[in-house]
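Shown next as structure tokens: one chain only, the form predicted alone.
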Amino acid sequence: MTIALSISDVHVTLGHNHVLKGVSLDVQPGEFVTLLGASGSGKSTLLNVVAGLQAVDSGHLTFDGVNVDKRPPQKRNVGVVFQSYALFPHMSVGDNVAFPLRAARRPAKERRAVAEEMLALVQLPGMADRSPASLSGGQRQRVALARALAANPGVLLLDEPMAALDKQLREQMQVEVTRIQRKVGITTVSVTHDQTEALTMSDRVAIMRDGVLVQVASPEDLYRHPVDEYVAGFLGEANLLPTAGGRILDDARDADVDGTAVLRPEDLELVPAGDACPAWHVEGTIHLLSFQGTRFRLELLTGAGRRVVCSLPTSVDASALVVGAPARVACRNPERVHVIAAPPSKAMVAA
């Protein structure tokens, strides 16, 4: 099967800043890949490279095996949904959706039919004659998505399209956009700094840092098996604790650390006083306890001052958890513990 999008050893320099440093990534037909990273990681620049909006210093791009390095944006057969939606305020919703077809000089009857089909796809039937100003933020986003799909592009690019929405609407639209992408079967590359959005929508997530791809994998594999501490800490909340010989160290100043244990808060539970502790356990004093609707968030401070976060079910008797009191938490399932090995040339020694 031909790779839908292939990015090969791409370098981009803007001014004196080396923004992309040899990025390579293959995206399969119909796959949804999200570029995730902090501000300045290079994810938006990479998306602009794919769209043809940013020239490269070196490297190559192919769509379906065909080199597109020299193709201008309008010749790349990509659809783009921007964070600002970029709808034309003087045009009706239907004319906005049909604009790519109008630019391609397609007949008016065909443009109208496609616009109505796309609006039905994004669950906005009968709104072709409305003004964009009369729509909510979520509806405008759907119109922008319908416009991007109207010309039947080979690749769909999403540039943080949900960043301007409130939390509840953003979560609804994550599900809706994923539904539409699966139904259409279009190859999609998205950019976001929202970890939940990346986990929810993607077949694979590409973590970027300082212009390089740190790790590319399925959301579950990234979450459970991060390649380094940066990925572990960036993708969700994680406790990163030094280990030696298959156990957690607290005060490790005099011990050779052979790795870092990644313990997710939801995989930890309280160990009642008097019970034997599993191998993967942490002792400390309660520093903070907060109720967050679906869970209690418990923070412990170990003797060496390390912070450990535990997510507890609301069925726990919180009255017994007093700030300053001793507590023990443990991961009873060793398969939920991921250890990042220390580099052989740099034995990690905790300060």
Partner chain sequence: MTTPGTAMPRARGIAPVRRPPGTTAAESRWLLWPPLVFFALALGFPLVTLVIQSLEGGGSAYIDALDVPAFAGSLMRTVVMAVVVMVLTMVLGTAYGLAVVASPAWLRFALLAALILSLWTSIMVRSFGWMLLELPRGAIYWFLGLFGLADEPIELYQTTLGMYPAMVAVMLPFAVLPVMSALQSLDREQLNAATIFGAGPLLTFRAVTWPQILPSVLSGGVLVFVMSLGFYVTPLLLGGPGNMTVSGVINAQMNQANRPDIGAAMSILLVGGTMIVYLIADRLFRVSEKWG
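If you're wondering where the values come from, they're calculated on a predicted model, not measured in any experiment. Numbering follows the first chain given and starts at 1.
Below, we refer to the form predicted in complex with the partner chain, which is not included among the displayed structures.
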query	finding
Heavy atom contact within 4.5 Å of the partner chain in the predicted complex, the stretch among 142-150, 180-188, 272-280, 203-211	142-150
Answer option from V80, L124, A217, V114, heavy atom within 4.5 Å of the partner chain in the predicted complex	V80
Single option in L300, V56, A51, L61 placed near the partner chain in the predicted complex, where near means a heavy atom within 4.5 Å	A51
Residue contact check: Y230 to the partner chain in the predicted complex, 4.5 Å heavy atom	no
Partner contact for H90 in the predicted complex: the partner chain, 4.5 angstroms, heavy atom	yes
E176 within 4.5 Å of the partner chain in the predicted complex, heavy atoms	no
Exercise: R224 in contact with the partner chain in the predicted complex, heavy atom 4.5 Å	no
The partner chain in the predicted complex - contacting residues of 89-106, heavy atom within 4.5 Å	P89, H90, M91, F99, P100, R102, A103
